[in-house]
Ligand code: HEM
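There is one chain below, alone, in structure tokens, taken in the form predicted alone.
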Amino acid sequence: MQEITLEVILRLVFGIRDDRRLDRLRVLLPKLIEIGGSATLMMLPPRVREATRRLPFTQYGRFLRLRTAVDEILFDEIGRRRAEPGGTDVLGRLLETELGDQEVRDELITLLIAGHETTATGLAWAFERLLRTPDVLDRLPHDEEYLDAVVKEALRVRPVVFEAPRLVDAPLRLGDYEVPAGWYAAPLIALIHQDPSIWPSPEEFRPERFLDGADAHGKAWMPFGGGRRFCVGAQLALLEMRVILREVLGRLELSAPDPAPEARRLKLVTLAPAKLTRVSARARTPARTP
């Protein structure tokens, strides 16, 4: 799933078509994300980072090398695209603004970090839930309305992000408690998605919840956060999940040898399957044309 969502970003967001650059970025970007997002690197004090930046075999040194290699490709692509304006990808649209090259590069990396592993994790959970509920799986991929409901229910029952923190700029009253200004307040998305007063039998995977009166749940469905700081990539993620689920299920018959549900574990800021899910896949027999 990560390979697929990375490919979407490279082509739809970065707009890269050159095969050599694509091959290079397919290798570099996953390594950059893995090292750059590691807890040990994120917790390094600035003075330690500075002291180790010139040491190529340290974690920070490897991170800087990878970042430099990626930046060389991205800045070259930005320069080339400025000389040949146009295109309907995200990079083309960014270049129509007044942003400088560094700012454009930063926006591309932000979209990569925010939309690569999160969408892949959402897809992994969607397949995991489908393989544990064969009656739901049997209705796909032909029913488009039901497919959309499956995506939303997967993100409800297995939200990828566990919280959506906000910096409180004035005291916030929550029941008998008051959160002081300057603190962070964060709704725990998994708890909201398991509220039985809003979601009857919340532990069950039931896409039918979203077929009628989908908007009735209001702010209680919040896999992408909420309010004015709603995730900018939400619509792209939902579209990706629908298309990828449809394509995979239209080509393959999937089953899970182990019927037990996958446990969840915290991976940086995402809730991911604790272990890789083993899946048996068989090519679907093409339907004969009458």
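Just so you know, these numbers come straight off a predicted model, no measurement behind them. Residue numbers run from 1 along the displayed sequence.
If you look for the form predicted in complex with the named molecule, you will not find it shown, but the lines that follow are about it.
**Student:** Which one of these stretches, 91 to 99, 135 to 143, 175 to 183, 117 to 125, sits within 4.5 Å of the named molecule in the model of the complex when only heavy atoms are counted?
**Tutor:** Flagged stretch: 117 to 125.
**Student:** Spell it out for me: taking the named molecule in the model of the complex, does every residue among 110, 231 and 236 have a heavy atom no farther than 4.5 Å from it?
**Tutor:** Checking in the model of the complex: 110, 231 and 236 are all within 4.5 Å of the named molecule.
**Student:** Of these, 261, 30, 36, 225, which has a heavy atom no more than 4.5 Å from the named molecule in the model of the complex?
**Tutor:** Only one option qualifies, and that one is 225.
**Student:** Exactly one residue in 74, 164, 147, 190 has a non-hydrogen atom within 4.5 Å of the named molecule in the model of the complex; which is it?
**Tutor:** The option sitting close enough to the partner is 164.
**Student:** Decide whether residue 9 counts as a contact residue for the named molecule in the model of the complex under a heavy atom distance cut-off of 4.5 Å.
**Tutor:** Yes, residue 9 lies within 4.5 Å of the named molecule in the model of the complex.
**Student:** Using a 4.5 Å heavy atom cut-off, state whether residue 155 contacts the named molecule in the model of the complex.
**Tutor:** Heavy-atom contact with the named molecule at 4.5 Å: present for residue 155.
**Student:** Any chance residue 130 has a heavy atom within 4.5 Å of the named molecule in the model of the complex?
**Tutor:** Residue 130: no, not in contact with the named molecule in the model of the complex.
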